[in-house]
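As a starting point, one isolated chain is supplied in structure tokens, in the form predicted on its own.
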């Protein structure tokens, strides 16, 4: 019996790739850069399954180029804004993602950005390397005290809550904005507020919201104008949540203290971006989930989602609540006659 044919758009860790390779006939894109649109449309032709990354735009054209035999799309990411879920639903193609497994790695990294920007670590490191360190000075590179600061979280899902738990160790006051929350988490000492209150009261704002039509450029010039001039802005969600032109103006004229970005719009950030001329910003190459533990788990879950879809399995009770919440967030109505394997997002 022939193995199902799949296209994997980038090399992933052995933890998951070995599962795929044993079960499937694998066409693996070996380049470090993602396949071009033309290459993607060509390589998906005739495949039964597709394992893609957030850098791959998977829309109805890609699904149709594959053919009617396409059984599953597995996304190697917690987000899924790179996939047209409505098009997948219309074609009855299940779509999987990899939630939970990168929660701690991303929360750790968000806090690393908070400390790096708030205590001006990157500026200090450049100060030393550039030979500017001559003596100790009482006013040298003054930063923000973490203890007692108000941390404002935009989005209070798994990652937002993990950041809140870390903030407890710094004796921070935690507030959050989460319009879709059904009931508060009693285990976390955090207060729900409206968006405007969060902007006005937070000393540190950390973004943990999915990218939707409502959250695109949520942080724009108007939102920034309501923030404290001493605020630190952190984004480890999606680059398009922040209007980078507005952010540049605010940082250039010191309307806010500083910013830390793990994600940008576009990615990678062009070398001629004016943001790269500023000292009061830290920009990372989208590596918040880049711990070996997290990436191994992502690889394994993406592989399991792919194989489950190829086998026609879209049911496992452990994650139905996660899937339904994601569907509702996307404005889709879940099919209650089915349970979902790991985390399938489309309606099949």
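Everything quoted here is computed from the prediction, not taken from an experiment. Numbering follows the first chain given and starts at 1.
Another form, the form predicted together with a small molecule, is not on view; read the next lines as being about it.
Residue-level contacts in the model of the complex: of 116, 240, 106, 89, one residue has a heavy atom within 4.5 Å of the small molecule, and it is 106. With the partner removed from view, the residue among 184, 179, 270, 148 that has a non-hydrogen atom within 4.5 Å of the small molecule in the model of the complex turns out to be 179.
Residue heavy atoms within 4.5 Å of the small molecule in the model of the complex occur in exactly one stretch of 244-252, 229-237, 134-142, 121-129, and that stretch is 229-237. In the model of the complex, no residue of the candidate spot (18, 53 and 71) has a heavy atom lying within 4.5 Å of the small molecule.
Among residues of the shown chain, residue 262 is one whose heavy atoms approach the small molecule to within 4.5 Å in the model of the complex. At a distance threshold of 4.5 angstroms between non-hydrogen atoms, residue 215 is in contact with the small molecule in the model of the complex. When the small molecule is considered in the model of the complex, residue 66 lies well away from it, no heavy atom lying within 4.5 Å. Interface residue remark: residue 219 is not counted as part of the site for the small molecule in the model of the complex, having no heavy atom within 4.5 Å.
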